[in-house]
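So here's one chain in two forms, each on its own in structure tokens, numbered structure 1 and structure 2.
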Structure 1
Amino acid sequence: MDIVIASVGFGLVTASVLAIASVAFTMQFGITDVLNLSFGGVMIASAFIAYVVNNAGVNIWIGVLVAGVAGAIISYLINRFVLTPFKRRNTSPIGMVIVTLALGLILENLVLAVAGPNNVSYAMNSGPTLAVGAFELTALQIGMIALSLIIAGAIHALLRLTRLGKAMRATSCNAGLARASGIRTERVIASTWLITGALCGISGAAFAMNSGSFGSSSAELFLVVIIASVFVGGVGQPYGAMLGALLLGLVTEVSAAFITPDYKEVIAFIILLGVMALRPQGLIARATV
């Protein structure tokens, strides 16, 4: 029983990291209509930029912010100079998926060429441990959970309380109608890539912190879990992505207490298949007008 309680703590940390990434991924898809398989490449590139900063003696939390800036810049450049030209040529959705997959491989191999094949680790202090029975979390892990909650609150405020958020929701529902209503959808999409790119970079650094060590291809399997949580929660639904991340984070870590951790991704896809069979629209369905 103690190992199950302890695994719940690990699950909350994993769910926090997964929630940040899943919200960014589902917003990119829901608003820009691009299934971005270069997401993992941007995550790991941002994580390595944070490593360079951290290796220079800067606190890891500053490195996380730097990773967010790096993710925003990389994602904006990807949209501006690669995806937008392809969309102007009316590239099919599957063609765009292939383009983003190629971009992800390019980013991973660039990181491999620059950083080398060896795994690296951040220089960070986990801090004191908060223990309630078998439930234990370090100060670093509590900080990651707090970061996820802050980002969740910020995304809620953005989507519900700001003009940009309302424009994002309108573009997500019907880009053509939003454009005809006077919303500058190109600016909305560019802003979306900046915001979600920042979240992608932050999630990359948080993922690296939670993993302990990471390399150029470390985010490949995590991208699989991100996609699973997005589809479990409901494609294009930020709140669904948060719910899916919480579910998968807890279940995969608790299941690892009974089976080998190598099968955590398999558990995530079993849950995905179950949800798709019983509720294909996801746990939170998109409202249809």
Structure 2
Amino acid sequence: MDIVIASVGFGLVTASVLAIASVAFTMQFGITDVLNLSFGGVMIASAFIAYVVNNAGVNIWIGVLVAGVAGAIISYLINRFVLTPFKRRNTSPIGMVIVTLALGLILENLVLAVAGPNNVSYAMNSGPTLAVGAFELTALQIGMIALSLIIAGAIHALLRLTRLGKAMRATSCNAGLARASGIRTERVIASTWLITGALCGISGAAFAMNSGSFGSSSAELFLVVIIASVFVGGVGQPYGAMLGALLLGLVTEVSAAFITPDYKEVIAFIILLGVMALRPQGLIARATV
């Protein structure tokens, strides 16, 4: 029983990382209409940039910020110089997926070419452990959960309280109508890539912190879990993605305690298939974002 309680702790940490990534992924789809398969590549590239900074002796939390900046810049550039031009040519959604897949391949192998085939890990201090019975969390893990909650609150505030958030929701709902009402959708989309790119970078660094060590292809399987939590919550819905992340984070880590950690992603995949087959619109039916 203790191992299950302990795995709930791991589950909460994984869910935190997953929530940051899933919200970013689902917003990219909802607002810019691109199913971005280069997401894992951007995550790992940002995590690696954070590693370079961290390796130079900088605290890992500053490294997380650096990863956020890196993710924002990479995603902005991808949108500005690749995705927007292809969109202007009326590339079909599936064509855009091929483009992002190629971009992800390029990014991942750029990291491989620079970093080499060996896994790297951050220099970090996990701090004192907080234990309630078998339930244990290190200060570092509590920090990651707090980071995720702050980001969830910030995204909520952005979407509900700011003009940009309102414009984002309008673009997500109906881009043509938003444009007709005077919203500069291209700008909204560029801002979306900046913001979600930052979240993608942060989640990359957090993912690397959580998994201990990482290499150029580490995010491939994690992307499966991200996609599963996005689909569980309903594609394009930030709040659904948060819920999906909580569900999948807990389910994958608790199942790892029961079966073996080798099949964590397989469990996520089965949930994904189940949702796609039985409820393709996600657990929460589409409302306004």
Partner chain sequence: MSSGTIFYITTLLVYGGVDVVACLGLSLQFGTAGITNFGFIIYQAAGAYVAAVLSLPRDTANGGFQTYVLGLHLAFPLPWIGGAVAGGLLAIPAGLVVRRSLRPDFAGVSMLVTAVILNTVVDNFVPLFNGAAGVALVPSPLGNLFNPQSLKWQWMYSGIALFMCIVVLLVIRLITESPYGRSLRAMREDETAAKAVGKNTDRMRMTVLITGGAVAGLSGAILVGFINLWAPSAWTYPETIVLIAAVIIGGRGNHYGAILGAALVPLGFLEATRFIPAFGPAGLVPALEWIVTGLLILVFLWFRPQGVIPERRHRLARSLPAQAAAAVSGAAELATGPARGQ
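Keep in mind the model is a prediction, meaning the values are calculated, not measured. Under this definition, the rigid core comprises the largest set of C-alpha atoms superposing within 1.5 Å between the forms. Structure 1 provides the reference sequence; residues are numbered from 1 along it.
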{"query": "Answer for which single form is the form predicted together with its partner chain", "finding": "2"}
{"query": "C-alpha of Val13 moved at least 2 Å between structure 1 and structure 2 on rigid core", "finding": "no"}
{"query": "Displaced residue check between structure 1 and structure 2: Ile267, CA, 2 Å or over, core reference", "finding": "no"}
{"query": "Per-residue Cα shift, Arg279, between structure 1 and structure 2 [Å; core superposed]", "finding": "2.8"}
